[in-house]
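Below you'll find only one chain, the form predicted on its own, shown as structure tokens.
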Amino acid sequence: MLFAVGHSNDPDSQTAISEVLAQIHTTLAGTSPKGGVLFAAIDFDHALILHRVIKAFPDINLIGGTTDGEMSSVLGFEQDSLTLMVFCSDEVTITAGMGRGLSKDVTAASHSAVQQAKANHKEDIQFCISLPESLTTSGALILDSLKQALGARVPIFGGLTADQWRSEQTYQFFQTEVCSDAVPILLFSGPILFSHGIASGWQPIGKPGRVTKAESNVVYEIDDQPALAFYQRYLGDLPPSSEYPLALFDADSNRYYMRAPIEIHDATIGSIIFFGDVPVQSMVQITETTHDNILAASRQSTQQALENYPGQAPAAALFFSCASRRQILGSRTGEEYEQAQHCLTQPLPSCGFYTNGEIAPLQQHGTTYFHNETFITLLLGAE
């Protein structure tokens, strides 16, 4: 497989996509890409950009979305920028699909995307990349619907689209179409190798508890006591915040995924709103971290992916990191991408974005989960 990346931080949409396409054309040297992922800041003219990409590569299967920051092997970490990775192969099948109207019927939209994308695959699907809406529908519900449509054995990677903390409207891309309230996907089948790693940098502290009352992303009680009391036991008068997320433990192991609190839902009863659904009966612990530990997690994620890579060496990398990580790291955010690169013996074409929630299995070929405040590395290559 051949991978190519372009990245521009020019604020003008026409100039930015011209720079991105020029960089990619130089790498491809006439080869036509089969698939691509586009990550764009919220204020670009997205329709113009998509039409330029499709005009340059008429046969590409393209998805993408808006971000809270971008990263690539061309410019490293940037904000208000535009980056595109394309995939070329004679043997790997890559197809795109889009489901619309998530808030009306999340199951129908997810199944529509999968049905559209699966139509041209003759071999088993190896994995899926998805970049769904984040503001109109539960990310966990979208993921559950995709898993149902694809089958539980197909791993899903990606992140929820963002709008730089405006919480107004995010956009999803499919070919030349700019949508909201949608779920775009890319499916891969054939002789493609992949592995992934996940790490957050947060460590559980204190005594575990069991969620005894919750509805969607609102937790009312932990151990039959107000959820706020569970937090106050360890944090005192500090309000729940993204700096102290909950670790939710996988039922079959000591692995955990993260749920970040947004705010107190109702102070009189002690309920808390989180950035993702929290299932009743989940075992949870409060977590803590430092800036250095958050940064080290990107290196740990990439190292984990390298150790699990099934071939000799990967040919490209995709990264999905959380908007809350970027907010907490502030001026040190650029170090996160740099840490991920420290594990690599040679530079890889790479691309990624800061998301409103990350998607990946907890382990290789395991069940896919919806994450908060996590750094995900996806390595790709050919057999």
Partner chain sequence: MSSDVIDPQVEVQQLERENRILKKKLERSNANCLNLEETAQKKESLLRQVIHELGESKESEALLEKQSCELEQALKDLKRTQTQLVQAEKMSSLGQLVAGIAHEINNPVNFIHGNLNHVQDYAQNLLDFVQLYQSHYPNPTPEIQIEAEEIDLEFIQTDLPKILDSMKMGTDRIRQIVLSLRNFSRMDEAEFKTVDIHEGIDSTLLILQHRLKDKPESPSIQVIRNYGDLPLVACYPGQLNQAFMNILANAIDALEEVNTKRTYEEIRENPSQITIETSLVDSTSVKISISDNGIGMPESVQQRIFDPFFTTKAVGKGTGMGMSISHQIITEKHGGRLDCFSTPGKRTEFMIQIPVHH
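Not measured: the values here are computed from a predicted model. Throughout, rigid core stands for the largest set of C-alpha atoms superposing within 1.5 Å between the two forms. Residue numbers count along the first chain shown, from 1.
FYI, the form predicted in complex with its partner chain isn't displayed, but the following is about it.
> L193, A199, V74, I286: which sits within 4.5 Å of its partner chain in the predicted complex by any heavy atom?
Of L193, A199, V74, I286, the residue with a heavy atom within 4.5 Å of its partner chain in the predicted complex is I286.
> Exactly one stretch in 104 to 112, 87 to 95, 306 to 314, 204 to 212 has heavy atoms within 4.5 Å of its partner chain in the predicted complex; which is it?
Selected range: 204 to 212.
> Just to confirm, R153 within 4.5 Å of its partner chain in the predicted complex by heavy atoms?
Heavy-atom contact with its partner chain at 4.5 Å: absent for R153.
> Is A229 part of the interface with its partner chain in the predicted complex - any heavy atom within 4.5 Å?
Heavy-atom contact with its partner chain at 4.5 Å: absent for A229.
> Taking its partner chain as it sits in the predicted complex, is G366 in contact with it (heavy atom to heavy atom, 4.5 Å or less)?
Result no; G366 lies far from its partner chain in the predicted complex.
> Taking heavy atoms and a 4.5 Å cut-off, does P279 contact its partner chain in the predicted complex?
Outside the cut-off, so no.
> Within 4.5 Å of its partner chain in the predicted complex, counting any non-hydrogen atom, which residues from 15 to 52 show up?
Read in sequence order, the residues that approach its partner chain (within 4.5 Å, in the predicted complex) are T15, E19, D43.
> For Q303, is the CA shift between the shown form and the other one at least 2 Å following rigid-core superposition?
Where the cores coincide, Q303 shows only a C-alpha shift between the shown form and the other one that is less than 2 Å.
> Please determine whether the C-alpha atom of P239 is displaced by 2 Å or more between the shown form and the other one following superposition on the rigid core.
Passes the 2 Å threshold, so yes.
> Any idea whether F230 and L135 get closer or farther by CA distance in the predicted complex, knowing it moves 3 angstroms or more?
Residues converge in the predicted complex, at least 3 Å closer.
> Given a CA distance change of at least 3 Å, are Q285 and Q364 closer or farther in the predicted complex?
Farther, not closer.
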